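Taking the form predicted alone, here's one chain by itself in structure tokens.
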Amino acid sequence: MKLAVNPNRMNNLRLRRRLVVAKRGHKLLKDKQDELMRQFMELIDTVKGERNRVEKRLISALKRFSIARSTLSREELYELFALPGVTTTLSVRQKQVLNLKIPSFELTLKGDIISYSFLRTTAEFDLALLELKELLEELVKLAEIEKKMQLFADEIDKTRRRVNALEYKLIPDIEETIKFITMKLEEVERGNLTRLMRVKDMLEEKRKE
């Protein structure tokens, strides 16, 4: 669709410069979109593998914990965990990836998860807790990767819309407007040339008289 501008040489020049910028921006956004898609596909494979592995370990650890705790009464279980032996701290930092602010999670565990007497629990109970502690760290890492994948998906969608807007709307509109203005300027130029020729013929006729 033709843009609403006056068909003069100044606007024609401005639109030509704008077209160069738009095409350059389109290329940069297309390159960004391709790189985002490449990294996104890699993340999908990573997340799929990590999630399956962590879920299997989590199910196994929870089963082990359920079986191990079955030998303890509810009161004994509450007593074991009355005083937590581990404190957790989750720090979040940001890093730049393709102009995206990607969060990086860091989990810090202080203390010993087995802060009770070994005489009151079975070895299976202790092993289940240790495995759950390891899984907590892996779950945080998995959450970091999945958040990164979500941000990439959102950015891909935004970039795709911008690429399409440039490719199918702005650039064709500018090119159509430039073509229209060029035709108008050529018409004006031909009209001026025709008038000059008429003036020249009139002057020559007067000289002959």
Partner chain sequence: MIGDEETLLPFLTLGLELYPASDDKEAERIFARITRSREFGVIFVTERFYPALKKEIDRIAYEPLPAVVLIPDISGSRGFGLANIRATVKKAAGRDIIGEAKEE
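What you are looking at is a predicted structure, and each value in this text was computed from that prediction instead of being measured. Residue numbers count along the first chain shown, from 1. Rigid core (definition): largest C-alpha set, two forms, superposition within 1.5 Å.
The same protein also exists as the form predicted together with its partner chain; that form is not shown, yet it is the one meant from here on.
- Contact annotation for Leu136: at least one heavy atom lies within 4.5 Å of its partner chain in the model of the complex.
- Taking the partner from elsewhere, Thr122 is found to have every heavy atom lying beyond 4.5 Å of its partner chain in the model of the complex.
- Using a 4.5 angstroms threshold between heavy atoms, Leu98 stays clear of its partner chain in the model of the complex.
- Using a 4.5 angstroms threshold between heavy atoms, Leu28 stays clear of its partner chain in the model of the complex.
- The three marked residues, Leu62, Arg74 and Leu77, each reach its partner chain in the model of the complex, with a heavy atom inside 4.5 Å.
- For the residues Lys48, Lys179, Arg38, Lys169, the 4.5 Å heavy atom test against its partner chain in the model of the complex is passed only by Lys48.
- Shown here without its partner chain, the chain has Leu129, Leu132, Lys133, Leu136, Leu139, Val140, Leu142, Ala143, Glu146, Lys147, Met149, Gln150, Leu151, Ala153, Asp154 in 124-155 lying with a heavy atom within 4.5 Å of that partner in the model of the complex.
- When the rigid core is held fixed, the Cα atom of Asn99 travels less than 2 angstroms between this form and the one not shown.
- With a cut-off of 2 Å and the rigid core superposed, Glu76 has a Cα displacement that reaches or exceeds the cut-off between this form and the one not shown.
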